[in-house]
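This document opens with one chain alone, in structure tokens, the form predicted on its own.
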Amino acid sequence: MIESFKRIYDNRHEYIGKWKEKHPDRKIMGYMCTSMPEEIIYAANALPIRILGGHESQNVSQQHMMGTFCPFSRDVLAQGLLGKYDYLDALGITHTCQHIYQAYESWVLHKNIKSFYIPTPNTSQTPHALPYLRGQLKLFLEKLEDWTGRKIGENDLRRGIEIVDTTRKLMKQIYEMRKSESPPISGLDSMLMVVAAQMSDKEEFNTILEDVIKNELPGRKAKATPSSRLMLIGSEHDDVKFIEMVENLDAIIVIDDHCTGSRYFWNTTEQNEDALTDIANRYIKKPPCPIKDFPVRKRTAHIVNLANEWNVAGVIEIQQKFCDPHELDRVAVSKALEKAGFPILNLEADVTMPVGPFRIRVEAFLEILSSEELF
């Protein structure tokens, strides 16, 4: 069922359309940041769906966003303005970068859609973060109750946690399998898996994951011969053509750190207190993105640990053009990786442009890795 990942990714809107026909009484909320507490949305018997771009050239967002905003945020807004997500009943966002927040504000303004904003804490590195976020989640829960007409109790929240944590655990299990000398799943299929999980009903998707783990991955090899093991880090990255290009060379991506990869699902919920506190604690402890990783940089150690555990030969850091948070983060992360002995290739990308020009640079990087492996 590995092919299901790509089928959901490629046909996300058709999938949701059919889902809505089967569940006419349930609402759908699109969201733009992986700090959105999907557990609470499931507890409200609604469906959370991640909003991503279409990787298409477009000219509809020009009058709404400056040209110096990242192409991903402009692509996301274009999808909304073009009506690709008109099946949504609401749009949600948490505190995130200014670029994607502008896409959210313009979408809400021009599509006149119900909206939810959760002002998540700027940093998790303060004792005030947990009680603050717990309070904001309580307000969000109350707004969901008004929106859905459904009371959300402790048992509902625990059910939401169970649904989402099951997805996280299953995907983490698959990522662990990629530590092997011959990984059973490629970087491309792994990325498709993670984004498909964000674009579908997790109760349905979990059965697909269980089937893949039990029936497809044992004994499987993603590539017939050993290849250079790479790590992918940086801005949001669901660029199928780029990952396909890299893995068509003598390489395989075995681990990543970005919000359409491991950072989305890496940690699960520690159930110690009331459900809202537990949910808040999970998001406080999730691997941080650059906008929340201060005053102490925790990302660098996490990324280096992943590179070590998955035994990578090198790292590709791909930054969306004009992505200020990752551009500022790049220097510290690159230095930490190089100090730990991991060569790094830094690339600046536009998700709406062809990936062909990157091929030569990736090939040269792989040649360097191959020459280093000989000595």
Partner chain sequence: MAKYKTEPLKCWDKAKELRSEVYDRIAKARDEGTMIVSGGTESAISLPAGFDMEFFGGEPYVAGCAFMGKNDSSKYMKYFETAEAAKFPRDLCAYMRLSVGSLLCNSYAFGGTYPKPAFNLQTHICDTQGKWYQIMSELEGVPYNALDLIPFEWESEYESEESKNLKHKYLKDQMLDIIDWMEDISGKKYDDEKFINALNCECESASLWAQCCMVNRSIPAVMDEKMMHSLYVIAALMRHEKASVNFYKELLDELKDRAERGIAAFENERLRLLLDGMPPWHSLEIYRYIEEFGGVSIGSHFSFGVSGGWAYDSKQDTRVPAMPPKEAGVELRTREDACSWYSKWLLNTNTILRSLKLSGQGKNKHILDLVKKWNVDGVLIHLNRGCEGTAAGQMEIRYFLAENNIPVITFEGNHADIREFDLPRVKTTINTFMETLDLKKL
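Positions refer to the first chain, counted from 1. Quantities reported herein were computed from a predicted structural model and do not represent experimental measurements.
The form predicted together with the partner chain exists for this protein as well; it is not shown, and the discussion that follows is about that form.
Visitor: Any idea which of 44-52, 31-39, 303-311, 57-65 reaches within 4.5 Å of the partner chain in the predicted bound form, heavy atoms considered?
Guide: Comparing against the partner chain in the predicted bound form, the contact stretch is 57-65.
Visitor: Any of the heavy atoms of Glu105 lying within 4.5 Å of the partner chain in the predicted bound form?
Guide: Although the partner chain is absent here, Glu105 would touch it in the predicted bound form, with heavy atoms inside 4.5 Å.
Visitor: At the 4.5 Å heavy atom threshold, is Thr94 in contact with the partner chain in the predicted bound form?
Guide: Thr94: no contact with the partner chain in the predicted bound form.
Visitor: Quick one: is Thr207 in contact with the partner chain in the predicted bound form, heavy atoms, 4.5 Å cut-off?
Guide: No, no contact at 4.5 Å.
Visitor: Any of the heavy atoms of Trp147 lying within 4.5 Å of the partner chain in the predicted bound form?
Guide: No, Trp147 is distant from the partner.
Visitor: Within 4.5 Å of the partner chain in the predicted bound form, do Asn122, Thr126 and Arg297 each have at least one heavy atom?
Guide: Verified in the predicted bound form; spot residues all in contact, yes.
Visitor: Within 4.5 Å, heavy atoms only, which of Ile291, Ile185, Leu170, Leu276 is in contact with the partner chain in the predicted bound form?
Guide: Only one option qualifies, and that one is Ile291.
Visitor: Would you mind picking the one in His110, Lys84, Lys223, Lys241 that has a heavy atom within 4.5 Å of the partner chain in the predicted bound form?
Guide: By the 4.5 Å heavy-atom cutoff, the listed residue in contact is His110.
Visitor: Can you tell me which residues in 307-343 come within 4.5 angstroms of the partner chain in the predicted bound form, by heavy atoms?
Guide: Going through 307-343 in order - heavy atoms within 4.5 Å of the partner chain in the predicted bound form - the hits are Phe322, Asp324, Glu327, Leu328, Asp329, Arg330, Val331.
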